[in-house]
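The chain below stands alone and is given as structure tokens, in the form predicted on its own.
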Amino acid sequence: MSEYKTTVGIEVHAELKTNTKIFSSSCNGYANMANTHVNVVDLGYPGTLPTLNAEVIVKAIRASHVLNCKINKKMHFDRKNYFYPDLPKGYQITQARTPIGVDGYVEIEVDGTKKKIGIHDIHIEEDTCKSIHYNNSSLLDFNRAGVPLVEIVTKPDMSSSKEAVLYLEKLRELLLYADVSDCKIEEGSMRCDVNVSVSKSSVLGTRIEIKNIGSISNVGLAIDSEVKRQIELLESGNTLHEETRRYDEKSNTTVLMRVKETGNDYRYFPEADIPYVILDDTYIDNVIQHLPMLSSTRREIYLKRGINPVNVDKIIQNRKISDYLNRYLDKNINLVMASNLLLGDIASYLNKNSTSMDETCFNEEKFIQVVNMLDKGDMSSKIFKEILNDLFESNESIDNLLNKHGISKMSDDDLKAIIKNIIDNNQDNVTQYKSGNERILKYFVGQVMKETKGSADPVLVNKYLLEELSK
């Protein structure tokens, strides 16, 4: 089985973050109550005409740029003709011959080696209705009809499920930070179709398509399952035929949907109701210059500020945390300490309560004060945990919150005085420590924490104890 070479290509449909749909003034919000964002254009009424949403072009240029594509400066839209219940007009408006972006790539790192996954093209198109199957009926939600998409088609450059997952994770990151799409694959705003083939030669094997996989991790599982199925069939002397399958999570297998008996004839022809789109260099440059800070720039800044690579990756994976942390890039605070708080206790509280920092009482002023106190040793992590809920839920000052919990701020001089007093009253233990019994240090730490009711910073306690014991 190891003699077989796996080849994978992926098509991703990403919904664009625009206020309105691609060819109508309806709100782009298909996740809301069904059939509430619909007008006669979305319904395909005879005599209605599409009007191109300029923001769609902006988002598609952004996508083309971050995916290193060449941008088409002269484009037209095409009609893709087919009949299906989710297509009210009987055709879909798309870009067949002049996609906005061509010949790009996404760079991934596989086991320490960088690899470029080629992007064949990026084209703009409208989404169809959403079909909801209920008992023996099918319901249609027209909120999704006309939602703007970019379809991103790779070259057959991936050779494993691992590479496919890494590609999708990187693609999601790039589109998310360019504000192209919210990429919520679980809600359908990023949908993946995977093409898989196996072969023992340099000639590609029979391509099998797996449609609408529901998560990035499931893409990897689906590929592995399909590769195993294809190899087993070939080893048994069977011939593979092009077909479309779906991935079943429960059985971890791919299931036949339909066999592709003939090639699709969509009878593409130019959409006569939409003029050609002509882009010039000034327009394209202006769009690119107004891109938000991309993930690559953020990653570079975080690493330079001392945040460890593992935490940097965690921050980049959560756009809300990254955006919040960026508010403090030009503030005089320890960014490592700030990131540790955001990834740790703060993230835990926000997730537990399904809220965001801006919806709580833990404002920017308090955040800076807490980070500085922790950084200087004026507050221990234990104290921070003790007052955590109040920081989020109370408008009281930090000093008042500390007093409310019976905690007083301790200066370095106060801590040193407590340590000296404990050492002076425990000379037998001091003698044991100096004789080589280093475990005695833990005893002294315990005594200091007991005396300070746990309010002392353990790092400073150890530091000052060692200084005093070395005299």
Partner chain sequence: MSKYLDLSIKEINTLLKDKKIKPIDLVEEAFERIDNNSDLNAFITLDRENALKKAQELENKEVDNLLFGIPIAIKDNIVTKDLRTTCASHMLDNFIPIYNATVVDKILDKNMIIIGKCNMDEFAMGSTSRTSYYGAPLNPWDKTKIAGGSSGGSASCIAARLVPLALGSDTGGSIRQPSSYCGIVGMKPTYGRVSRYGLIAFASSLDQIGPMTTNVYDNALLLNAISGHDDKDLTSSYREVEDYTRLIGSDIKGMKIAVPNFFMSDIVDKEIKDKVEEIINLLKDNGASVSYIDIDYIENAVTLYQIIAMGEASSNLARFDGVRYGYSCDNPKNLEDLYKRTRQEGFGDEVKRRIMVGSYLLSGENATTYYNKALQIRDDISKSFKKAFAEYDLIIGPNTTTVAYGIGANLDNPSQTFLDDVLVIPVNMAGLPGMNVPIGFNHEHLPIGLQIIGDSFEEAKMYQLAAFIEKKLNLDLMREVVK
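Source: prediction; values computed, not measured. Residue numbers count along the first chain shown, from 1.
In what follows, reference is made to the form predicted together with the partner chain, a form of this protein that is not presented.
Query raised in the report: With the partner left out of view, is residue 186 within 4.5 angstroms of the partner chain in the model of the complex by any non-hydrogen atom?
Result: Outside the cut-off, so no.
Query raised in the report: Do residue 265 and the partner chain come within 4.5 Å of each other in the model of the complex, heavy atoms counted?
Result: Looking in the model of the complex, residue contacts with the partner chain include residue 265, since a heavy atom lies within 4.5 Å.
Query raised in the report: Contact between residue 43 and the partner chain in the model of the complex at 4.5 Å, heavy atoms?
Result: Result yes; residue 43 sits at the interface with the partner chain in the model of the complex.
Report task. Considering only heavy atoms, tell me if residue 156 and the partner chain come within 4.5 Å of each other in the model of the complex. Result -> Because no heavy atom of residue 156 falls inside 4.5 Å of the partner chain in the model of the complex, the answer is no.
Query raised in the report: in the model of the complex, which of the listed residues (292, 85, 344, 306) lies with a heavy atom within 4.5 Å of the partner chain?
Result: When the partner chain is considered in the model of the complex, the option within 4.5 Å is 85.
Query raised in the report: the partner chain isn't shown here, but in the model of the complex which of 140, 279, 231, 333 has a heavy atom within 4.5 Å of it?
Result: Partner contact (heavy atom, 4.5 Å) among the options: 140.
Requested in this report: Sort through 140-148, 249-257, 346-354, 378-386 and report the only stretch with a non-hydrogen atom within 4.5 Å of the partner chain in the model of the complex.
Outcome: This holds for exactly one stretch, 140-148.
Query - Residues in 42-79 close to the partner chain in the model of the complex, defined by a heavy atom within 4.5 Å, in order - result: Contacting residues: 43, 44, 45, 46, 47, 48, 49, 50, 51, 52, 79.
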